[in-house]
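You are given structure tokens for the same protein chain in two forms, set apart as structure 1 and structure 2.
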Structure 1
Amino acid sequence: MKKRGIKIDKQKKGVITIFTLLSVVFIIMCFYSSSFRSFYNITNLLVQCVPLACVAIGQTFVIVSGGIDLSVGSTISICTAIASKLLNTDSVFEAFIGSMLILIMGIFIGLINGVGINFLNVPPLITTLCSSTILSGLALYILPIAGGRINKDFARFIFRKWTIISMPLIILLIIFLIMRTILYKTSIGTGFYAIGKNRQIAKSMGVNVRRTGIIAYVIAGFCAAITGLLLACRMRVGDPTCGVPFTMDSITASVIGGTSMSGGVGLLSGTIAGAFLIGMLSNVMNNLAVNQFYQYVLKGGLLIVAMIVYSISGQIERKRNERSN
């Protein structure tokens, strides 16, 4: 029997947990609320979750390789700010070129983070915190308040819908497939897991730790830029502070999806499920007409519950291993 990506086998259990949780919430809600199960709401829900899922994929790369990226939120902000200037044209072609430039900028931001961490040896937390501060300053410089304009045709194209299928979902799928290939099917992907577990040993086994580390941040920057573009097209304007919640939410999504904060463990499918779970929460709140403020409590509670489940299932696993050995 040939097996597709081998990492799926190992952490499958964690992913099953999160997918079960996701579907339980979904099914309960479908029974409970008629407005929730409406076709319109569900297609909307799927689209709503895409930006977070996108940036969380990038965050997963960084966390798996043993770092953390606190600058994704500001990257998103600055991308929408720039988009509102660059995509403020009447030509779809120019808008397309503009969006390419924004993606390149995202990559560049990731590169700077990566170099600061891997060559100047400043801890990831502080490097990305500083770049986050600087980027949010720059975003406010480019666009002091929400405004600008996004080319209407381009934005419409990005958010096109065909019944349940929509362009954002297709974009997410493409990104997922590309990133999945990188993470599970290339040598650099194995490198992320290697340096996340133990940089020293990985280095002694011949992994180019600095290059691998930088690439993780580049991917995070790229994913954040895509999220920025999606948000800009959805709002049709730029907003210099719209990215703020995405930093912590992307980490939360990644961790709920089974990624270990200490590095070396994590799967993309889990992260996406985590992002959809978080995205679904606000939708559920609306549908149940619950006070929006409870969202915070629930998000925190959900994270703790997920962590407890992982810690218990980890212990059970360990005990079972001990018994079988």
Structure 2
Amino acid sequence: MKKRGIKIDKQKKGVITIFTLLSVVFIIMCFYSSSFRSFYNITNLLVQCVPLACVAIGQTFVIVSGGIDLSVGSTISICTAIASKLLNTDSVFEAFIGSMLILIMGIFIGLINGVGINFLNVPPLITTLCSSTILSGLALYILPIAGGRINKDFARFIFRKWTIISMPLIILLIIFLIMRTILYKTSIGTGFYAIGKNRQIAKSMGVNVRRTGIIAYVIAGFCAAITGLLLACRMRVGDPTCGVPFTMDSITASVIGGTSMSGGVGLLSGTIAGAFLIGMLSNVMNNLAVNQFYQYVLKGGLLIVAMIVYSISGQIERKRNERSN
């Protein structure tokens, strides 16, 4: 338990670092750009970062458990496409029922991924890549081009604002508190870290490896479906390709926030900070009219730098442990 506490403390130091970086970038941009520091832009920025933060939380569960989910972007796309059909109604109640069905569909997609990986022993990269391809095709079949309609009153409720506080932020807070409880306060959460470190050792310790692995992908599918609903309500239409950037961005946010791609390491608070950092940088570059090409280059560069930094720190930690032993 003592070693576990030490590792958590080290992860918390990484989270403090990413929050510090986030604060520094925010302060610098407030001084540099008057349009960025405007109240309207800041409130919009907080709302715009929520969808990425939601899907990145789910991605963190998967990466912590030693996997990866390349299907979250396509899950988001098909959810917005279906939302344009199910939520195209004048009844708020029917729109609510439709949104519940979409969340169930996200859970089902995660379940299929989890079963394929943990029972059929297909590698996560292959399973989720195949899922992503199939879902992308289905999204285009359901909605060939952006269109449809989302119930206006339902969308307004989902994106209601009270000055700086908004419904998307409340939704994110609720998701964070629920997922935080699952990850840190339950035996299932301990199992995610255990199978991420070593599945065989975790199994010998009594962890139900297959069930735990499936739950991680179910959570990822559920979080991706929430993001799909949020995007549909924000756009008021469906878009069969809107989820494409979220696959890479969710991985980047998770890794920047301190989650190890090798599994077994990661904190949700760091992931959220990483998501807000990416969202803020995108907002800054849009305000400065930076070409989208450079935005993709920056995101890729951030991912590479984060992986190098955490890899080096991991090697240093292992050497220290070897010396101490």
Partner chain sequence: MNENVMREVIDMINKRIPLKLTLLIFATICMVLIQYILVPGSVTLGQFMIVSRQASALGIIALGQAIVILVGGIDLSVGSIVMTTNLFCIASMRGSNDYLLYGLGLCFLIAVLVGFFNSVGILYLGIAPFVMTLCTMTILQGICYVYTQGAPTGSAAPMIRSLGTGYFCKIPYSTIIWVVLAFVSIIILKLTTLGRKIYAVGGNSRAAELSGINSKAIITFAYIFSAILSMIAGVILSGYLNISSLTVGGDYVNNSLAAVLIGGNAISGGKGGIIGVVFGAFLMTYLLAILTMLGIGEVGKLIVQGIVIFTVVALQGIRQKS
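These numbers were taken from a predicted model, which means no experiment stands behind them. Heads up, when I say rigid core I mean the largest set of C-alphas that superpose within 1.5 Å between the two forms. Counting starts at 1 with the first residue of structure 1 and goes up one by one along its sequence.
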property: Structure number, where the criterion is the form predicted in complex with its partner chain; result: 1
property: Rigid core fit between the two structures: Cα deviation of Leu303 in angstrom; result: 3.0
